[in-house]
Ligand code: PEP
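Starting off, we have a lone chain in the form predicted on its own, written out as structure tokens.
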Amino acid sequence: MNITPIFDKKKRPIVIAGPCSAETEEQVMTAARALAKQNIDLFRSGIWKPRTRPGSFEGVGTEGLAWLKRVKQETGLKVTTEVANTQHVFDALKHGIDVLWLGARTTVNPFSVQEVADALKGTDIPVMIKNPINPDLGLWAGAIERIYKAGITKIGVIHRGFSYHGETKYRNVPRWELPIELKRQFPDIEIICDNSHICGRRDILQDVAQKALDLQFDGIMTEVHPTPDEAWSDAAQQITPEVFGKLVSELIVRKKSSDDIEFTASLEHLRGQINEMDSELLALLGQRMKVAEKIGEYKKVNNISILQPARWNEIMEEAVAKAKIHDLSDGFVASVLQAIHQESINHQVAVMKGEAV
């Protein structure tokens, strides 16, 4: 795939900002004028808002596109908005929108993505694709491929986090490993961090934005409103233009590499140690699976079920207790052990069926 950048590669970080929703023409213009002074790369605002429940503010609709057109004319800013169907695409193109984006609720549905892709055929407008609601890398990659097959080559992605059932400090948990893997699969694609939707609150926006840049994300997309507390949607995660300016000014953009010989030598030495440890870990895991297969053979002979909940709970409890000794987080240890346990089950299932592992 020959994916090309949407933004100027020399400028980092890419900065996209604007209100969650276009509410009134005055609100949109006030935000745009303030952000134009900050030299942002793209002004964002939702015209159609896919809300979870009916009765919520679902956007002003096509009327708001004229406001974005005015933003372009009066401030010189390029503008972007979300589209989810054929008519959205046609209306946005007619009003001169510079960049389109697909929201999480669209990315999760291949039928919707294909509808947008079909509407885009014959155009060259850049498209950004948000990750699907759930942590499904295949859906995210599939959306990129569908848009690319429509003839669009300027494609970027937006990481806005993933839904999570349970207590968490985030609105949508980052699951950083997923956008990192997406970048491995699509090395030329630009990745923008939507820190507003990951956080869902103002007090951690800076931390998440900085984490994204530390992971070599290309930029941030933040919701900025003239009067955030009065916003018609997602008020808790929006900030004023002044606060946003401070946030951007405090971001640290780190170098991707260094020509310093001493640094390179030290880094290579440490990486060599990690490579050796990884080899040892893989060898130990291989030995563990051989033991699991022997256990599977005993279970098969004695007609015992593979899953033993009491034993699994015992393993988890002991591991979590030991995690603190080695400065490892409970969540990390639980994730690793769950993956190892599932692989052990897979090996035992193969033994039960008399299949090769």
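A quick note: this is a predicted structure, and the numbers were derived from the prediction, not measured. Note that residue numbering follows the sequence shown and begins at 1.
Here the subject shifts to the form predicted together with the named molecule, a form of this protein not shown in this document.
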With the partner left out here, check for me: in the predicted complex, does some heavy atom of residue 101 sit within 4.5 Å of the named molecule? yes
Residue-level question: is residue 72 within 4.5 Å of the named molecule in the predicted complex, judged on heavy atoms? no
Can you check whether residue 20 is within 4.5 Å of the named molecule in the predicted complex, heavy atom basis? yes
Using the partner position in the predicted complex, report whether residue 190 sits within 4.5 Å of the named molecule, counting heavy atoms only. no
Just one stretch in 293-301, 326-334, 41-49, 307-315 has heavy atoms within 4.5 Å of the named molecule in the predicted complex, so which one is it? 41-49
Contacting member of 105, 211, 154, 183, with respect to the named molecule in the predicted complex [4.5 Å, heavy atom]: 105
Though the named molecule is not shown, can you say which of 197, 88, 78, 146 has a heavy atom within 4.5 Å of it in the predicted complex? 197
Heavy atom within 4.5 Å of the named molecule in the predicted complex - qualifying residues of 69-95: 82
